[in-house]
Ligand SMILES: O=C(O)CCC(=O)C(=O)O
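Shown next as structure tokens: one chain only, the form predicted alone.
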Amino acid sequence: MATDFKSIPLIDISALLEKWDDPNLIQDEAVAEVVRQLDEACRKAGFFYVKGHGIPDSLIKEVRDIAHRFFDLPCEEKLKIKLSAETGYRGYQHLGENITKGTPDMHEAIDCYREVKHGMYGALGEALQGANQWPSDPPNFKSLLEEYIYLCTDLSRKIMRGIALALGGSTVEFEGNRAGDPFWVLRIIGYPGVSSENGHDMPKNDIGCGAHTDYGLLTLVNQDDAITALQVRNVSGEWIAAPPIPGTFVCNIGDMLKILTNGLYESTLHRVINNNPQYRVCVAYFYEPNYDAAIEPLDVCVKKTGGSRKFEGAVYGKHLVSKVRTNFVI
């Protein structure tokens, strides 16, 4: 459960990644220390930075750079891949088209999901059925982002093995019928900065993205350097800044992990306010359970939290679709 944290911990996960598939993983002292730090971070804040993650810094920056190039295009170009219900909620959203708790968010975005083929999940999959809409300009956008998604998926699976051990479960606790065939979501988001046009200042507290929790298991946030805009709320209601640290991802846990851990780990509220004059890009990768997974508290977590289940089960795909339909104006 979240606490009165004042800062977000930084964890070097290189030892975990080096031995992630070792059957005796937890017996390694360096790995055990990573696991301890993951447990503490998930219990106290639900947020943490990771370094030593193995994804090249050059690729992480290239992903942000190509997003900037897309958002710099004229509106008519961006609207060629406009998001709609007919596109499976995939594609480009203009400023104010994403809604958080009834209020338009001041960001634009490209939304992507793992491909859902016709009939793949029956009626459960119909809303998100289809392939992603990738822009043709910049020309290498699709290939670059697909490489990035592959690496983020691999990294997330390994981090989740460490979290499984932190909970006292087996290394594959979050695989099999829970997340052995993980769904993923990618949001490429652009936040306009504070500027002056025609002598009129824009409001200094425009909400780039309203307070919310994420839906799945684990989020990897790749944010522009030198612009602090992400804020995380502690148990006292204070908003704690999550400034960018070069070479790291900001990670946070989502609603499905909260259910699986019976509330031992919290999906913490967070928001984005860009008061910087510079345009800010954030690329958020969401590692999710199997689309059709029935998520219920793990027995090991029920025992750790008093012996009774605090949450009803949820089907991940149904939870995702309900959120998607609520959050978009199309």
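Fair warning: this is a prediction, and the values are worked out from it, not measured in the lab. Residue numbers here begin at 1 and follow the sequence given.
There is another form of the same protein, the form predicted in complex with the ligand; it is not shown, and what comes next is about it.
In this form the binding site remains open, since the ligand, overlaid from its pose in the predicted complex, puts no atom within 2.4 angstroms of a backbone or C-beta atom. Stretch-level contact analysis of 55 to 63, 269 to 277, 36 to 44, 295 to 303 against the ligand in the predicted complex, using heavy atoms and a 4.5 Å limit, identifies 269 to 277. Taken together, 187, 191 and 214 are fully in contact with the ligand in the predicted complex: each brings a heavy atom within 4.5 Å.
Although the partner is absent from this view, residue 287 stays clear of the ligand in the predicted complex, with no non-hydrogen atom inside 4.5 angstroms. Mapping the unseen interface onto this chain, residue 50 falls outside it, with no heavy atom inside 4.5 Å of the ligand in the predicted complex. Although the partner is absent from this view, residue 83 stays clear of the ligand in the predicted complex, with no non-hydrogen atom inside 4.5 angstroms.
In the predicted complex, at least one heavy atom of residue 221 sits within 4.5 Å of a heavy atom of the ligand. Of the candidates 163, 230, 253, 145, 230 is the one whose heavy atoms come within 4.5 Å of the ligand in the predicted complex; the others do not.
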